[in-house]
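Next up: just one chain, as structure tokens, the form predicted alone.
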């Protein structure tokens, strides 16, 4: 693989890449942007994704294999529309494709589809995960084989509507001088049938040990969680949304609390930014998306990747996207 900053899939619009190594290849699980002329708004109505394609690549080539459509919203009984950013985790000999979508009441939930191969086909469960909500599931399998789901997104992702512990259709973000809305983390049952516990807040602290505030938009969580482990340190990485950074915080526990460290990726072309991090054959890669193929149309995005480098103290070297 030769890391580069050009779109790796050009035959359709892809976004929100979750990258994993299976069978000595990198498999990429993105969302699929469908071109349309609908309205752009803070509720995310422009993101009318309805199916998933899976892609793979290996170190011998930058050629990407499209394994075709592996799941469509019409295949999932509980889904009404908007199948957004997915992920995948291999557990108990099964590949679990986890994804968010709106249920029949219009609320986002998380679902699972199962397959025997990393490229599918996948069979969806009839029901969403009990107690699940919001968007952007990230599945993390620790060294002890325990699986954690990290999830949540503001605005269209409805995370702020659960601040009271249950869904409030009129729920809003807190005042800027109060602590930020936290992403969620939950341990999964060993058989992957559901949460083993109530989702917990994942708290992010500043350098002085104080909780990040809602008004700290350069550092507070907005969406796009990804958990990456390096040595015995847990790196919780995420998007700040309104300020368009990919940033990270570090902890000694998968539950946190996490301490903010800095930026991974400066703003890309387009409003959203969404990423994943994967180790492969001795190197670490950052997968992300921008809107280069569409010249900046927010709901017509494309996946890219580049090498991610660490300093001797474990901090991450910030990447600045380059455009011609």
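Numbering follows the first chain given and starts at 1. Since the model is a prediction, treat every value here as computed from it, not as a measurement.
This next part talks about the form predicted together with a small molecule, which is not shown.
- Only one of 294, 56, 272, 261 has a non-hydrogen atom within 4.5 angstroms of the small molecule in the predicted bound form; which is it? Result of the distance check: 272.
- Task: Consider the chain as shown here, without its partner, and state which of 47, 288, 52, 27 has a heavy atom within 4.5 Å of the small molecule in the predicted bound form.
- Result: Exactly one listed residue reaches within 4.5 Å, namely 47.
- Counting only non-hydrogen atoms, choose the one of 175-183, 158-166, 247-255, 134-142 that falls within 4.5 Å of the small molecule in the predicted bound form. Only one stretch passes the 4.5 Å heavy-atom test: 134-142.
- Message: I'd like to check something about residue 31: if you look in the predicted bound form, is any of its heavy atoms closer than or equal to 4.5 Å to a heavy atom of the small molecule?
- Response: Residue 31: contacts the small molecule in the predicted bound form.
- Task: Give a yes/no on whether residue 87 approaches the small molecule to within 4.5 Å in the predicted bound form, heavy atoms considered.
- Result: It does not: once the small molecule is placed as it appears in the predicted bound form, residue 87 has no heavy atom within 4.5 Å of it.
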